[in-house]
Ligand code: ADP
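Take a look at this single chain in structure tokens; it is the form predicted on its own.
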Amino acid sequence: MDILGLQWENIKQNIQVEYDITDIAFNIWVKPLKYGKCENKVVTILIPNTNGSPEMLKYIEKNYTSCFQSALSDLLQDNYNVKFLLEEDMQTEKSNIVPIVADDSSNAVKKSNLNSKYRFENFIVGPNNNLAHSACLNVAEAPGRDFNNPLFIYGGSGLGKTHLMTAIGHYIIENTNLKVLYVTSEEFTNEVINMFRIKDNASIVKMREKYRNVDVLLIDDIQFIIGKSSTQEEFFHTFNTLYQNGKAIVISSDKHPVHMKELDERFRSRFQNGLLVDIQPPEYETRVAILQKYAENFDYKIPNNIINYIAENIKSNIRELEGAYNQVYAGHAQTLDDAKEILKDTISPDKPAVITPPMILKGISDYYHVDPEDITSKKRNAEIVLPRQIFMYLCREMTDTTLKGVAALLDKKDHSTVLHGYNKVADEIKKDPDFRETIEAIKNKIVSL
């Protein structure tokens, strides 16, 4: 073995110190890297099969090439180039490489209620989620820090919130002795209901100890406890206990706390006191990368033109992307025409691209979980007023409908009300970045209909 093979672990450690790479980034991206060979002043560095992928290769090349190139050139006292390679692409070296295998069977993982397949290593990072990804890495590295506690992740269904939360849990369990618990708000609600139904002191104590004696609590889809007074009260005290004891809390929701109209103000203030990050629907390149990564779970690969077809036509939801892939895989699609036939009920490329007021109405009602008829009615409930004004705004922005036309859709005689609603939303977009993100999320939902 040459000097690089002998010094490989030290080289990586020196790079971490020299370039101030965080522990979590080092453990995920740098530590698994293997020395391959050195020929003609080119050092080949291998990414193990167990966590290697084209996307990971691209990420490592972008972020760590210069680090290794500089460190190796300094060590060897000459200019050397660096080449990163997936282990599977270097067949002759496979016998010398020990794959890294994560221990998913540990008792701690089972107790934490984590899904074993959701890890940082297989999360596809793109412009739509890079801030949320970074925030989750920070929490995993230092749970309970003041500035990121609680961490509140919000965004539409199927965009990767659960994946990131679970990845936090896996990393903490594998690198610390901290106690982690993941739970959905529905599971939490059911336990509260059973606790009060049984009315047994021992059951109450047991349930509270389960949630309050952990170091990291990951609670998914918090919006489902809204309006459930007993559940909200129990979670409020659980939250306070953990927070006051410096424990980490990570929460997900389908929307920003500001837009959760029925949320108790006590929660709103606590959620906003931490770090809030959103996840948007993935853009085309990220959708392709997601499908390519997902394809690694199957014994034969779908042709790239089919993957591109799916990515071009399914835009709003990762689960829908994977579901479409499952369909073409199960249907043994070999050509694009095969895929189009299999997906004809899922993807309709011939549907009109023109956005219509009914599409806008559906997108808004889906986002706010309100009845479309309520939006177009004369009701003045607080939870209806904002969706109605957004409807006025988007009808003017996304369609050719006139002010009078929008007024007619809302059964209003005077279009001045529509103009007022339009202006109010437009002004709020200029002032409030979070509200602007909400409007963009609704637009994405509408376009994907």
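Everything quoted here is computed from the prediction, not taken from an experiment. Sequential numbering from 1, following the sequence displayed.
The same protein also has a form predicted in complex with this ligand, omitted here; what follows describes it.
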Exercise for review: Answer yes if any heavy atom of residue 159 is within 4.5 Å of a heavy atom of this ligand in the predicted complex; otherwise answer no.
Suggested key: yes
Practice item. Tell me, yes or no, whether residue 322 is in contact with this ligand in the predicted complex, where a contact means a heavy atom of each within 4.5 Å. Key: yes
Practice item. Mark residue 122 yes when one of its heavy atoms lies within 4.5 Å of a heavy atom of this ligand in the predicted complex, and no otherwise. Key: yes
Point to revise | Partner proximity in the predicted complex: residue 290 to this ligand, non-hydrogen atom cutoff 4.5 Å | key: yes
Review point. Has each of 256, 386 and 435 got a heavy atom lying within 4.5 angstroms of this ligand in the predicted complex?
Key: no
**Study point:** Among the candidates 243, 267, 309, 118, the residue which, in the predicted complex, approaches this ligand to within 4.5 Å (heavy atoms)
**Key:** 118
Check your understanding: Tell me, which of 195, 277, 318, 347 has a heavy atom within 4.5 angstroms of this ligand in the predicted complex?
Key -> 318
Check your understanding: Counting only heavy atoms and a 4.5 Å cutoff, which of 161-169, 233-241, 357-365, 331-339 contacts this ligand in the predicted complex?
Key -> 161-169
